[in-house]
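Consider the single chain below, provided in structure tokens and representing the form predicted alone.
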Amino acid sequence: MTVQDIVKRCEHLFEDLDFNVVSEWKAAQPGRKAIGYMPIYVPREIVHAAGMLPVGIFGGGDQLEVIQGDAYYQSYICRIPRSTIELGLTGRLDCLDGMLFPSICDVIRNLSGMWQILFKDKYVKYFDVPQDYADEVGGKFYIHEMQALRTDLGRLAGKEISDEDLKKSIAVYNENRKAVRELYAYRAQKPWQAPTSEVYLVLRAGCVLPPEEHTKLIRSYIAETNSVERPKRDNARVVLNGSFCEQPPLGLIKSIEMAGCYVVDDDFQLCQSWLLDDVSVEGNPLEELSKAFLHRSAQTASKYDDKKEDKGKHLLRQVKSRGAEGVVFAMASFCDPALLERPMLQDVLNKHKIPYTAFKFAENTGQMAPIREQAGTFADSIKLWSAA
């Protein structure tokens, strides 16, 4: 396939709010099951080891009109829970046999309870994460949470999930995360060859495809886009921060790029890049998954940070390792974790004299012109400062 074919396929998957590819995967082998998960991080390895398809649910985006979902949340709550409720109530998530709600914020915790009430025939679990990173404290708690999920999914699958099953799945996801790191490294090196509006779609495909297929897709995209020369522009290199849960509309990403910015790193869809390196396939698989989360995972607004001196280290690492010239804070409206963390991250950037700009969005944001103007002004100012 050409790069255009790959992007077109990914765009089709992105726009399919009926999740037909999931239904097709299940129909190909009767008895298969699919488990949805909300953004941030859940150990997809456990779902995969149960022979099930992990399916990322990121709300309805700007394609879905929310009608019923607005009855379940106040107007000052972010849009992703309302649009997710809308997907469920309109039958678009009927292909899922269960839903996992990771510990993102109080809104998602509340959504897990709503899901239990609304969809009594589905498996539902609020998946909590530790806030103490000592192996003997938070580690034990996290292993307990994962074991509970392992037992539940084994019961749902009709067979126990063995350690060998888990190790095989860990190896599969290690390779997938490696491919994602390759994609991010390639984009940082040649952002004109791999625009973020395409990279985002390629990543998003991994939320509905089996990981083995997604890994091949990523590498095919890198190979194909590298084979066709694209125009290089004198754009500002920026890191995008704050979109770890509710995802920005594709039009917003394109607007930032059209404004003269190359996005060289981001925190989109952290389910695919949360763990910073491979998980060991030796020893107890749940212990290794726990160690990876506790000690080798990205800092985000929804991950409790017990060391104040470490605040902003991950963002600084992104800026420096990717050769970024500034940071664009793009937070979902009413996202308490992101909006509370932003001033702290801004303080860190100020101390290191790294320029930044900030705005808020909703997944159905229609006013792209002001965002494009703001991003364009920011890109111009970076060029002026760097030339001074």
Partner chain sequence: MSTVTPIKDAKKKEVVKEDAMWIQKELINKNYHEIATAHETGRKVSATFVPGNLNELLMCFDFARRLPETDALQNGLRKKSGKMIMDAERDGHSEDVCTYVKTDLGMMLQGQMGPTGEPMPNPDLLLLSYTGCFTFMKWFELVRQKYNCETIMLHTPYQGDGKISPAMRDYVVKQIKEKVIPACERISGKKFDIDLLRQYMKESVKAEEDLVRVLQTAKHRPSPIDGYFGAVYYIGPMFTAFRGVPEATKFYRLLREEVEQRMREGKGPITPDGEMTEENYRLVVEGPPNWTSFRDFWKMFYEEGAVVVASTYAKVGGVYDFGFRHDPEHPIESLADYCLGCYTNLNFPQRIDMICKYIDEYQADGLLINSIKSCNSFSAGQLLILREVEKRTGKPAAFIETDLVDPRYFSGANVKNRLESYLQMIKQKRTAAAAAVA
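Model, not experiment: these values are computed from the prediction. Residue numbers count along the first chain shown, from 1.
This protein has a second form, the form predicted in complex with its partner chain, left out of what is shown; the following refers to that one.
| 227, 74, 189, 151 - the one with a heavy atom within 4.5 Å of its partner chain in the predicted bound form | For this set of options, the contacting one is 74.
| request: Please pick, from 138, 251, 195, 210, the one residue with any non-hydrogen atom lying within 4.5 angstroms of its partner chain in the predicted bound form. | output: When its partner chain is considered in the predicted bound form, the option within 4.5 Å is 138.
| query | Since the chain is shown here on its own, which stretch among 217-225, 123-131, 168-176, 271-279 would lie within 4.5 Å of its partner chain in the predicted bound form, judged by heavy atoms? | reply | It is 123-131 that comes within 4.5 Å of the partner.
| said: For the three residues 13, 21 and 376, which mark the spot I'm curious about, does each lie within 4.5 Å of its partner chain in the predicted bound form through at least one heavy atom? | reply: None of them does, since no heavy atom lies within 4.5 Å of the partner.
| message | I'd like to know whether residue 340 contacts its partner chain in the predicted bound form, with contact meaning heavy atoms within 4.5 angstroms. | response | Yes - in the predicted bound form, heavy atoms of residue 340 and its partner chain come within 4.5 Å of each other.
| said: Is it the case that residue 107, even though its partner is missing from this view, gets within 4.5 Å of its partner chain in the predicted bound form, heavy atoms only? | reply: Heavy-atom contact with its partner chain at 4.5 Å: present for residue 107.
| said: Residue-level question: is residue 301 within 4.5 Å of its partner chain in the predicted bound form, judged on heavy atoms? | reply: The answer is yes: residue 301 has a heavy atom within 4.5 Å of its partner chain.
| said: in the predicted bound form, is there a heavy atom of its partner chain that lies within 4.5 Å of any heavy atom of residue 334, even though the partner is absent here? | reply: Flag for residue 334 set to yes.
| What residues of 101-119, in sequence order, lie within 4.5 Å of its partner chain in the predicted bound form by heavy atom? | The stretch 101-119, when checked against its partner chain in the predicted bound form, contributes 103, 104, 105, 106, 107, 109, 110, 112, 113, 114, 116, 117, 118 at the 4.5 Å heavy-atom cut-off.
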